[in-house]
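This document opens with one chain alone, in C-alpha cells, the form predicted on its own.
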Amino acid sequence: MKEILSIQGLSKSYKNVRAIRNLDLKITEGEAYGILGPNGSGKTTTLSIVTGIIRQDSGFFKWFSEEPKASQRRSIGSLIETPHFYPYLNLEKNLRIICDIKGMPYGDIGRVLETSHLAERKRSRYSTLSLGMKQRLGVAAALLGDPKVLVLDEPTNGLDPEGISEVREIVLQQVHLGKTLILASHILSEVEKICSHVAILKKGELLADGPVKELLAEDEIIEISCDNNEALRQKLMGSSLVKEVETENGLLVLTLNEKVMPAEVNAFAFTNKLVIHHMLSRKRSLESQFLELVKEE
C-alpha cells in the first residue's frame, strides 16, 4: 500500500513538559487510523506538527513519501482542536473565507454543506448554530477541495450522543469513499467504531499500535507458522477452531473461536502432520498496554 504519512523520532517539549518523545508512526493509503490517548498524551501536538501549525524539536515526517511542502496542503483537510469561524457571518461566507485562504474556487461549498447536513442553514449566522452543527461545519471546511487525507482532532469532543452520531456518520462516509483518515480521540468507543488501525499514546510515548480488532478484540488472536502455511491455513478454515485466518508477513494470524485455546491449534496441526515452529499470542501483550491506558484515564 502507498505510504501517506511517515513519522520518525518526533519530539516536542513545552518548557519543562515533554509533549511527545521519539514518536514513530506509519500510515498507509486508505487506512482509518486512530490516535488514542487521554488528555495530555500528545495527540494534538502530533497532529499540529504534521499539519504545519507548530514545529517539532527533533525528528521528521513525510507526507506521500516526500518532505513537507506547501503544495501538499490541497491533499490534506484538517480540523485541529476547536473550529474557528466568524460568528457574525453565515456558513457560506465563512466557507468562502476558507476557500480564499486555501486558494480554491467556491464551487465546492455546496457539496460540503450537503455532506455535513448543513445546506439548509447556509444563510444562518455561525453564532446561531448548536455545538454539533459548529463541529460539522469544521468537518465541512476540512472537506473543501475533496482532499485525499482527513486529519481530525477530537471531532466529537463535547458533543451530546446525537451530535457524536452525526459527526461519526459524516466521517465514516468519507472513509467508505476511500479517503485516508487520521483521527485523534480519547473516546475508545469512537475509535473502535470508525478506525481500522490505532496507535495508543501515553504521556507522549507510543504504547502500542496495530489493527483495532487486535487491540480491542475479546477473542484470542495468535500468530503461527509452520513448514507449509498454506496447507495449515486450508485445514484451519475447514475446522471449528477459528473465526478468521489471515496471512501477514509470512505468518498466519488466527482469530480463535470462543473457548478455543492455542494448545488445541497446536494439537490440530500435529494431527494433520504439520509441525508449528512459531506461535505467539498477540492479544495478551497488546491488551495489557491497552488496560494500562484505561487505568491512566
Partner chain sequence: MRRLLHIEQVKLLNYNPFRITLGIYFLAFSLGLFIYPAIDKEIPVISLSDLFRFPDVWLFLTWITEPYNILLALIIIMITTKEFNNHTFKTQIIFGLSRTELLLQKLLLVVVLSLFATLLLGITSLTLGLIYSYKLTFKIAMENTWILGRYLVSSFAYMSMGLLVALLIKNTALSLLTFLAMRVFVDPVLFLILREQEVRWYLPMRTTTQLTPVPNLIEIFERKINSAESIDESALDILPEGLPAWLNIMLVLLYTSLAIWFSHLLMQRRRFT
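Rigid core: the largest C-alpha set superposing within 1.5 Å between the two forms. Model, not experiment: these values are computed from the prediction. Positions refer to the first chain, counted from 1.
Just so it is clear, the following notes concern the form predicted in complex with its partner chain, a form of the same protein that is not shown.
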{"query": "Which of 69-77, 205-213, 188-196, 162-170 lines the interface with its partner chain in the predicted bound form (heavy atom within 4.5 Å)", "finding": "69-77"}
{"query": "Partner contact for A142 in the predicted bound form: its partner chain, 4.5 angstroms, heavy atom", "finding": "yes"}
{"query": "4.5 Å heavy atom contact, I54 to its partner chain in the predicted bound form", "finding": "yes"}
{"query": "In the predicted bound form, S124 touching its partner chain (heavy atom, 4.5 Å)", "finding": "no"}
{"query": "Close approach of T128 to its partner chain in the predicted bound form, 4.5 Å, heavy atom", "finding": "no"}
{"query": "Position in contact with its partner chain when the complex is considered in the predicted bound form, options R111, H117, K102, H176, heavy atoms within 4.5 Å", "finding": "K102"}
{"query": "Residues within stretch 82-101 having a non-hydrogen atom within 4.5 Å of its partner chain in the predicted bound form", "finding": "T82, H84, F85, Y86, P87, Y88, L89, K93, I97, I98, D100, I101"}
{"query": "Core-aligned CA displacement of L89 at least 2 Å between the shown form and the other one", "finding": "yes"}
{"query": "Core fit, then R125 C-alpha moves 2 Å or more between the shown form and the other one", "finding": "yes"}
{"query": "Core fit, then M104 C-alpha moves 2 Å or more between the shown form and the other one", "finding": "yes"}
